[in-house]
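Single chain ahead, by itself, as structure tokens, in the form predicted alone.
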Amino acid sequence: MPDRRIISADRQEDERQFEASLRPRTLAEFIGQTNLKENLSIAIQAAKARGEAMDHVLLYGPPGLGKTTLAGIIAAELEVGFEQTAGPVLQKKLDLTGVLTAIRPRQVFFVDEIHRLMPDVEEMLY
């Protein structure tokens, strides 16, 4: 019987690892966005010098510009944990509460597609 391969749109673990290895891990490795990198570098260094969490950051733009990568870089540069979720995943206030209770001090929390949050969930972030 011939070898049949099942093709799926879901990413496989080896694909995730390969993709992660291609992403830059520091601001110095991130190409482009010079002014943004300078501003982030100052904010990161200031937060580290104060020993406090970095202020909120809003990364915006069309898909593929590196917003998620930059969020991971911020966490790496701050030497803190990184938690990621997506707006459509947070359907109820309880969903957000569950995620927020697991976050550690000074950890980076990234919400992808935040514009797709439900209004009552969005209100909790205010």
Ligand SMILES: Nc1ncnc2c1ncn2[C@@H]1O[C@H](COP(=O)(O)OP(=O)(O)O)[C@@H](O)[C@H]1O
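So that there is no doubt, residue numbering starts at 1 and follows the sequence shown. Only a predicted model underlies this, so the values are computations on that prediction, with no experimental measurement involved.
Below, we turn to the form predicted together with the named molecule, even though it does not appear here.
With a 4.5 Å cutoff on heavy atoms, Ala49 does not count as touching the named molecule in the model of the complex; it lies far away. Proximity of Thr69 to the named molecule in the model of the complex: non-hydrogen atoms within 4.5 Å are present.
Leu65 belongs to the set of residues with a heavy atom inside 4.5 Å of the named molecule in the model of the complex.
The closest heavy atom approach of Ala102 to the named molecule in the model of the complex falls outside 4.5 Å.
The partner is absent here; in the model of the complex, the one residue of Ile31, Ile42, Leu94, Leu58 having a heavy atom within 4.5 Å of the named molecule is Ile31.
Between 22-30, 50-58, 94-102, 75-83, the stretch whose residues reach within 4.5 angstroms of the named molecule in the model of the complex through a non-hydrogen atom is 22-30.
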